[in-house]
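A single chain comes next, written as structure tokens; it is the form predicted alone.
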């Protein structure tokens, strides 16, 4: 029976992963409905770093003009280099690598970046609805849509394929993944982010501070313009809980470090301070495909364990998901067996990098002095630098 509110694909979450999937599928002519609990623009807690590889992926789907205009408006701030600072104060600088087609990396507050992508999805032909997803709709064990709240009332949106792109607290993932497959604390992180408007930034350079009290995490300063930056820190969740840390206190301690404090022009006034959790892509044997549904981006847990970066992997996973979804729609088979090709594509594209980053993360936690060695001699052995350059 055909439902009155049925679409080829319903995507829950209009962040980078969900909007990327909507852009690709809508451009191919599919009937796509994109849901998000908020209207845009809206803030999203993040470090805001967008690597050149992501920019080139967006160029490929026709977003170059939109990105150029965002740069001209000052919403995207170009970054050309990276600074790593070790626990003992050794540091190394390196140039960020441009994309193959010449794209640059940016610090792009998610207020601007996500709005750009959501609008691109609508411009590509996707429909958008502000709605808060509540639970997948199941029929005979198969996902056939999602129940959501719209303007205070409950509505049902039916789909041939449902895409969960609703972030780390994903309603779709929680309902479809068994409890034993949820992320363990050692494969999760907790972070705090703020914006600051009175810091002497290093123009066009992102800064990472890997000091002992926070390893295997780090603190960051990502400039967003003149005297302004996204500033924050994050660490592995099990480590955070073990030592009973306080994120706001930790952030203040970072600001009080002599090397940082002397750069604060008016004492370091923070605003939009917020915390969030992240799921790493390093936990084995986690499913991303189900009968009638897929998970992409942070909802799947594709965040890099060493850098905490997730936007590149979010857009990559969306691109891989659309390849599998298109084949499934063309064949009329949207079963888990058909959609499991997505798990294999994700494994081939990301697993080796996630696994090696997690090994490096464990080494930093157990042997903090290793960070000093890697950074001190980084000019000769740039494995750590390349990890940050490639996984930002």
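Numbering follows the first chain given and starts at 1. Quick caveat: nothing in here was measured; it's all calculated off a predicted structure.
Note that the form predicted together with a small molecule isn't included here; everything after this is about it.
Q: Could you tell me which one of 195, 211, 158, 276 places a heavy atom within 4.5 Å of the small molecule in the predicted bound form?
A: So the residue touching the small molecule in the predicted bound form, by this definition, is 276.
Q: Of 347, 64, 359, 42, which one comes within 4.5 Å of the small molecule in the predicted bound form, counting heavy atoms only?
A: Contact check passes for 42.
Q: Please tell me whether any heavy atom belonging to residue 17 falls inside 4.5 Å of a heavy atom of the small molecule, as the geometry stands in the predicted bound form.
A: Yes, residue 17 is a contact residue.
Q: Taking 4.5 angstroms as the cut-off for heavy atoms, does residue 322 touch the small molecule in the predicted bound form?
A: Answer no; every heavy atom of residue 322 is more than 4.5 Å from the small molecule in the predicted bound form.
Q: Taking the small molecule as it sits in the predicted bound form, is residue 220 near enough to touch it, meaning that at least one heavy atom pair lies within 4.5 angstroms?
A: Result yes; residue 220 sits at the interface with the small molecule in the predicted bound form.
Q: Wondering, does residue 57 line up within 4.5 Å of the small molecule in the predicted bound form on heavy atoms?
A: No.
Q: Kindly confirm or deny that 133, 167 and 310 each have some heavy atom within 4.5 angstroms of the small molecule in the predicted bound form.
A: All three within 4.5 Å in the predicted bound form.
Q: Please identify, from 92-100, 302-310, 78-86, 281-289, the stretch that has a heavy atom within 4.5 Å of the small molecule in the predicted bound form.
A: Contact-bearing stretch, as computed: 302-310.
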